[in-house]
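Shown next as structure tokens: one chain only, the form predicted on its own.
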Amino acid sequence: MLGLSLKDGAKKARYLANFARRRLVHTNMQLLYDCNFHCRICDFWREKGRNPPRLSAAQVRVLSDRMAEIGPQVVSIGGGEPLLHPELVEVVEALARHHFPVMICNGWFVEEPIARALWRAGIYEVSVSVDYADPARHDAQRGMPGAFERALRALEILARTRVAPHQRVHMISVVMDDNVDDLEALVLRCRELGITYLVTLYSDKRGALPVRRVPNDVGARLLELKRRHPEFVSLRGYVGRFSEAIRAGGLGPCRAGRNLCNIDSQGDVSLCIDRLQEPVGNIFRDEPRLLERRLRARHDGNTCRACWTSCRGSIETLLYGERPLANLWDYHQMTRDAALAERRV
């Protein structure tokens, strides 16, 4: 999710209107599928022949304009590793004209010049993935020696180079069977860095990913962690349902297609990243309003309840969850302005 600056007043008003009407407000976009990591919890890098062309900055400008016909979106830039894209700054600029771009990356390629350029281009939020407090375990999970050190360095650079108070930096962890005891140490790292902390629940529903038996009591443990640490800003209504999702093998009904969708590196539009092979159309060939209607129709017939990841869980918690005031407060904590680092002369 995102914080919104005053200069984006018209865009913000339109976004909030669509949010209130429970329309499409969040788009996951795979900019590319290339990655320098070999993560155990991802299958994109394993698939032979899965190297389609990347979205160019010119294509993203068209995509941004066409999606604006539906309404401003929180556009989550993903992949693959987004920082492998040579036109990433131009991509962010194109999206920021009409939308609220955010990004998740592994941190490896974050240097001060690109960090400053991304903030100036208008990105609202950058999250860096860190799954273990122990560097060796994180590096093994990500298939890259030095990944932990580079991720923490990236977080420090990103926090130091923000150019506007509404821009946010998060560490994000995938909650799995063997890292629940690491999460508090990671939250404390975030406190040291002056950033905030998010989690998402592991899903094995795409490809042939291994089953990870997350402890059933994880929901209560996360709520207690959140109670004690203000840096942990995931919505309580989201993390509080982790145990229910684990017991049930996911949660339903899923609102993918109604409130969120996915666009891949070819412009194909689908319900979510786990439904890439079932597109409803293409953003470059089909009218946006037609795509929205097709997404809604696909949503109406969708019985999937296979995951409870943050891309749907946070939005659904805000739109449909219990204790709305508490979740709105958490959302405020996630997106409120944060003081900029002092500039050195």
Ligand SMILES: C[S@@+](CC[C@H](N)C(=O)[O-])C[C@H]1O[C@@H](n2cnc3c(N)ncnc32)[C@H](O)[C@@H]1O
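So that there is no doubt, residue numbering starts at 1 and follows the sequence shown. Source: prediction; values computed, not measured.
Quick note: we don't show the form predicted together with the ligand, though the next part is all about it.
Student: Pick from 158, 92, 201, 260: which residue has any heavy atom within 4.5 angstroms of the ligand in the predicted bound form?
Tutor: Only one option qualifies, and that one is 201.
Student: Please pick, from 182, 268, 139, 81, the one residue with any non-hydrogen atom lying within 4.5 angstroms of the ligand in the predicted bound form.
Tutor: Only one option qualifies, and that one is 81.
Student: If you check in the predicted bound form, is residue 114 within 4.5 Å of the ligand, heavy atoms only?
Tutor: Residue-level check for residue 114: no, no contact with the ligand.
Student: Flag residue 151 as yes or no: does it have a non-hydrogen atom within 4.5 angstroms of any non-hydrogen atom of the ligand in the predicted bound form?
Tutor: Taking the distances in the predicted bound form, the answer for residue 151 is no, it never comes within 4.5 Å of the ligand.
Student: May I ask you to check whether residue 42 falls inside a 4.5 Å heavy atom distance of the ligand in the predicted bound form?
Tutor: The answer is yes: residue 42 has a heavy atom within 4.5 Å of the ligand.
Student: Would residue 106 sit within 4.5 Å of the ligand in the predicted bound form, counting heavy atoms only?
Tutor: Heavy-atom contact with the ligand at 4.5 Å: present for residue 106.
Student: Within 4.5 angstroms, counting heavy atoms, which one of the listed stretches 67-75, 166-174, 244-252, 221-229 is next to the ligand in the predicted bound form?
Tutor: The contacting stretch here is 166-174.
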